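Take a look at this single chain in structure tokens; it is the form predicted on its own.
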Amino acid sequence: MTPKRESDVTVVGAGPVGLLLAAELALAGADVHVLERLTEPDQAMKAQSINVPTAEALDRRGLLPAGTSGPRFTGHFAGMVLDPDLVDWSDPDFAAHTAADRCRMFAQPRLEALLAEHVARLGVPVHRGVEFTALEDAGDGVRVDTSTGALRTGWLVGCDGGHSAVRRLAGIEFPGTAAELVGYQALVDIADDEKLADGWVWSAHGVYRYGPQPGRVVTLEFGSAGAQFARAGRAAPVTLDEVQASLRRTSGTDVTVTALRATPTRWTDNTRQAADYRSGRVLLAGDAAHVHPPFGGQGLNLGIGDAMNLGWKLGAVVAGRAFETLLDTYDAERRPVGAWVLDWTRAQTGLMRGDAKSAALRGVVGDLLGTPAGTTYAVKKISGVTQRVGPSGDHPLVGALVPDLWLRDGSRLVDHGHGGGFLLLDRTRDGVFTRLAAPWANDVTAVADDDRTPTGVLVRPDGVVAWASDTSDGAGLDDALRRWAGVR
């Protein structure tokens, strides 16, 4: 099916970020479609888990499938596995986000398939085999050239990966640090796996990990050899011989790989962030806006956060419910989160080198991560439970992701937000907050509950708390509604 020639928003890229963004735009009422260069979904091995904000984003839209609950997931930092028994799970930051925290073992291909079904239910067209080739921002819209012809769109969003054509053609700079390693991830059959150790292992030639699931291998090679591999084979398919050669070098064995059981991936620690997330009517999200090594699957989670943040804002601008200035908060809120993730992965690269100085530092950090305080700190950061964006206020909840707020009927506040829009928890006895929000009734779902604290919470469509109160006077609610839901 050929893409239609006029739309409110065109999203380039049908990975998880592009699909979720398109879904959020559709929920906000925008006419949106997606263009994708690939003819089929990418089945290459990528992120194997999601963080708490991503799990909660799916949960807020009713997308977490039944049966996804599992053990608590902690992850690793620079190859040092974090012991869940050392984590203080009673910490208030964990305790506030328990409903979705056991749903985090969620591989990227599965997530992409789930989101593809979601956008299909919403009626969003996804056009595969269509290559984006040029753009012209006319001020009141964008002309887009594709392999199937030209089209005009109100807004163009690049979700087309680290080598984003949208970013390049929009003239957006991409500063950062160059690669010094090449890594591989593969699911393989091995004839003599007894030659490999479980877990992360360092050698003079790099690092490898075998496991935790059977046949999964990860390798990292530093220095000029790794950089040479990255330059020579970035676009070429990863072969069995390539995976075997890297595994042999990093393990120092003659281990034999007999088969690839999934499409392997090749990656580097190239770490960059777009100079601007928006240029006129062109915006960036996901890897198009930031790239870094994939330690802990942080790139997927960062992109999902971008999509949730941008979707409702751009949808409100398209519908005329908000001024364009609302889009300025997208860069302002997401850039610091992206910069933190880039530094978090840079720190791990520094620790994972094979030189003596990095090994010594790894010993010190390993000792710290072997303590309850150190492990709890790292897991809180990796899980995203401490993540804050944007607005600040007198109440500690403002700017944080909405916690699990259980209601008298056994539901949670977020269960009432599957269709998008703002949520307003009203625990006043006479519905004071609901009456104050009456001018925004089309965009704000008010949910009444028992009289207890917090007495009121206003939640943006992306799950960020925009206002909260422990009193019943409603001070600041009108200002928050005007700021985020538009002037009425």
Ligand SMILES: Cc1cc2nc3c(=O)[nH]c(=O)nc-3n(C[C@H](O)[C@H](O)[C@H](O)COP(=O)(O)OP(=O)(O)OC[C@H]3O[C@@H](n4cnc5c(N)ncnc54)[C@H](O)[C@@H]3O)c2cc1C
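All of these numbers come straight from a predicted model, not from anything done at the bench. One-based numbering along the sequence shown.
Same protein, other form: the form predicted in complex with the ligand, not shown, and the subject of what follows.
Shown here without its ligand, the chain is overlaid with the ligand as it sits in the predicted complex; three or more ligand atoms lie within 2.4 Å of backbone or C-beta atoms, and the site is blocked. Stretch 30 to 38 is the answer when you ask which of 428 to 436, 443 to 451, 30 to 38, 456 to 464 has residues with heavy atoms within 4.5 Å of the ligand in the predicted complex. Between the ligand and the residues F77, Y210, W155, W267, the one pair within 4.5 Å by heavy atoms in the predicted complex involves W267. For the options L413, A274, M352, V130, the residue carrying a heavy atom within 4.5 angstroms of the ligand in the predicted complex is V130. For A47, a non-hydrogen atom is located within 4.5 Å of the ligand in the predicted complex, even though that partner is not displayed. Using a 4.5 angstroms threshold between heavy atoms, G161 counts as touching the ligand in the predicted complex. When contacts are judged by a 4.5 Å heavy atom cut-off, D287 counts as touching the ligand in the predicted complex. Proximity of Q185 to the ligand in the predicted complex falls within the 4.5 Å heavy atom cutoff. Annotation for 294 to 317: interface residues with the ligand in the predicted complex are P294, G297, Q298, G299, L300, N301 [heavy atom within 4.5 Å].
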